[in-house]
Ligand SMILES: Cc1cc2nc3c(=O)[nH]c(=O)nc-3n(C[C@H](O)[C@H](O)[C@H](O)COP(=O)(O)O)c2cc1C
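The data below hold one chain only, encoded as structure tokens and taken in the form predicted alone.
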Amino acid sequence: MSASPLIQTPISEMFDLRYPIICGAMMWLGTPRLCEVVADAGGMGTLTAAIYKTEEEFRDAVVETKKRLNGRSFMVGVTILPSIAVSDEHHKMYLRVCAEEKVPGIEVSGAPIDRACGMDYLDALKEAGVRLFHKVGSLRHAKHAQKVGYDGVYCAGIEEGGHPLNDDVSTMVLTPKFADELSIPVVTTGGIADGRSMAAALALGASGVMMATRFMATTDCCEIHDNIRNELVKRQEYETELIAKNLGLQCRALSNGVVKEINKVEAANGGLDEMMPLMTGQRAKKGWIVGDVDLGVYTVGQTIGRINDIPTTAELLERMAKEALDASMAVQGLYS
């Protein structure tokens, strides 16, 4: 393929990217190797902190990522939500190491740093030059992020995989609302799978896009067994389900055997003790490896209905850039 056009936005300029396309944090999948692959393709990858349970393991992963990228940008994904495997002390450790290692950026999802860990942690990260982004699903949360000093926000609609806010508002509504009322860059996530959806996000006022599900269906996301990767191509947009609403931890996941079990427990007003053995990340980790589609909770978004092939990461990003340009020109062509 020939080189696609450079897309210049506040996000691509902030992180020196060819394309303002970010691979989101993915449990068990957001590794140093994948960060390197995404950077090589012109985007920005995310190292998933929760994969690493000790400070030594996490710091080693950060150092390895920095070495692989040789000065290029990456994010570290820190999810601050209730978890059995990841404690409050883990959250603080991840943030402290990121400040000490001066990582380029952090994507925080769940509770904001200042409320969960204290303003001292946010200040230390800012002092270290770390760019801070909070993934939020409402304007009120986005305004809080801007007020306390985040450098940008991820605008996460209900379409996203993982933990969308229970306001249940789509990216089509949220993105222009954020763009109109914030002075910091907005990255749209949820419903993004190709160049047309990226062009739509940019037209609505976003400075970039973040995807996770689409990156799963690439040849470079090799931690996923082919059985499951092929399943993502087969599935349609209506084949995800929201689980754990009763727990206040709403999560969108691929509709499969274990998700249906969880929803039965939830319908019977079952609690955390009954659901956690079904939701544990170890089941998903094993499932990714052995290729059992029904074994684990696989957090994917509604964009599975728009995934039709399994390209390399480089092919995907180059194609998206061209599609976005074509889509923009097509709209211009409607005007006389």
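Just count from 1 along the sequence shown to find any residue number. A quick note: this is a predicted structure, and the numbers were derived from the prediction, not measured.
Although it is not shown, the form predicted together with the ligand is what the next lines describe.
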Based on heavy atom distances of at most 4.5 Å to the ligand in the predicted complex, which listed stretch, 67-75, 120-128, 158-166, 179-187, is the contact stretch?
158-166
Name the single residue among Met27, Ile310, Val293, Leu278 that comes within 4.5 Å of the ligand in the predicted complex, judging by heavy atoms.
Met27
Pick from Ile113, Ala206, Met210, Cys98: which has a non-hydrogen atom within 4.5 Å of the ligand in the predicted complex?
Met210
4.5 angstroms heavy atom contact with the ligand in the predicted complex for Gly301:
yes
Counting only non-hydrogen atoms and a 4.5 angstroms cut-off, does Thr79 reach the ligand in the predicted complex?
yes
Residue-level contact is defined here as any heavy atom of the residue lying within 4.5 Å of the ligand in the predicted complex; does Ser109 satisfy this criterion?
yes
Mark Val258 yes when one of its heavy atoms lies within 4.5 Å of a heavy atom of the ligand in the predicted complex, and no otherwise.
no
Would you mind checking 231-257 for residues with a heavy atom within 4.5 Å of the ligand in the predicted complex?
none
